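One chain is shown next in structure tokens, namely the form predicted on its own.
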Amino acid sequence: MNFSQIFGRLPETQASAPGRVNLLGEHTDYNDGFVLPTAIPQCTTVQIGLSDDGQHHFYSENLSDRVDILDINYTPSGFASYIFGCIEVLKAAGQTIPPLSLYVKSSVPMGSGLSSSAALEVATLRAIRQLLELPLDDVEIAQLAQQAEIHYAGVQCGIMDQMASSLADTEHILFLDTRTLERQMIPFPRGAEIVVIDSGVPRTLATSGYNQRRAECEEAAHLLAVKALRDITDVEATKVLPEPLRRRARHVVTENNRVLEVLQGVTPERFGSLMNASHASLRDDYEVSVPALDTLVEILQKTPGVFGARLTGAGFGGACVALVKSGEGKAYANHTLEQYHQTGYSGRVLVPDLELSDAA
């Protein structure tokens, strides 16, 4: 099916946005901290046109699902909640949004921790911006997308995913200060590339412990008398907290310090060791890993030529990312996937090439 088959006319314009993988800086964005994401090749594309019957119409090619909205007081669920949220936050910001028809297709895997939701939001907002010639820059697009996810999808997310989808590319790492939105593009470590492998264990943020972790961090910041845990730079300061708040805060403080070290310039070997430390912290202090992710990361970390590996995204399932020698990504990915399947899990390679999963 395509736009014209679903809606009986051709789309007026379209826009795309990529998924992202986070190399370092996990669960720091909603603590006003520092992050290091990069865009992945997979993207979400939204085709759009005006609707002439007074209703919004949304169609997902991947889900073969159509949603029609006449009552604007009704908030849909599923993929439509993100699109509807984007429309509503634009209206709240003072924009006049007419009834729209949107057709969505995506190669960003859902439930893998690669920000399929942010890609959908940013692509939707870009398409609406283009159709209606709205005066919005890419940072404003990201901020609106974040508000859509918080208020209409029920996820108390930070700004990282939306900023990465709106601003990042696949050739650089985006350093972002999530408090000030200060940012810069930095190169990948010389002689290194990334591999991303889906663990085969899906996760959903709104029903996971994500919102609980955010609440724990807010409580820890309150007890430490700071605006956010980003304001704590010495891990010793967390020792006064009760458990599990102490461990939650320790992860955030050490994770921010790892990101800032990379910003000063590090070798691939040092970058990899920081990724390994990040995974241990996410597993032990933040408790967001699962056995499948730990198995996958362990296989990668023990492979010669792999500088480091960690879970990526919020955890509770999803994918892991590894830093490996340039030009060897496909070989390392195939090797890892073969060993991972022998443990009884079923995963797939996402970067460097989705087609690898078909050959494994």
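Throughout, we count residues from 1 along the sequence that is shown. Since the structure is predicted, the reported quantities are computational estimates derived from the model, not experimental observations.
Just so you know, the form predicted in complex with a small molecule exists too; it's not on screen, but the next bit is about it.
Undergrad: Answer yes or no: in the predicted complex, does the small molecule come within 4.5 Å of a heavy atom in every one of N22, T38 and Q42?
TA: Checking in the predicted complex: none of N22, T38 and Q42 is within 4.5 Å of the small molecule.
Undergrad: Looking at N334, Q301, N62, T295 here, can you tell me which has any non-hydrogen atom within 4.5 angstroms of the small molecule in the predicted complex?
TA: If I apply the 4.5 Å criterion carefully, the residue I get is N62.
Undergrad: Could you check which residue among G265, G78, P242, G191 gets a heavy atom within 4.5 Å of the small molecule in the predicted complex?
TA: Only one listed residue qualifies here, and that residue is G78.
Undergrad: Can you check 183 to 191, 86 to 94, 101 to 109, 251 to 259 and let me know which stretch has heavy atoms within 4.5 Å of the small molecule in the predicted complex?
TA: Selected stretch: 101 to 109.
Undergrad: Spell out, yes or no, whether the shortest heavy atom distance between S289 and the small molecule in the predicted complex is within 4.5 Å.
TA: Output for S289 is no: heavy atoms all beyond 4.5 Å of the small molecule.
Undergrad: Even though the partner isn't displayed, in the predicted complex is R213 close enough to the small molecule, meaning a heavy atom within 4.5 Å?
TA: Close contact is absent here: in the predicted complex, R213 is far from the small molecule, nothing within 4.5 Å, heavy atoms only.
Undergrad: Quick check on F271: any heavy atom within 4.5 Å of the small molecule in the predicted complex?
TA: F271: no, not in contact with the small molecule in the predicted complex.
Undergrad: Is there a heavy atom of Y82 no more than 4.5 Å from a heavy atom of the small molecule in the predicted complex?
TA: The answer is yes: Y82 has a heavy atom within 4.5 Å of the small molecule.
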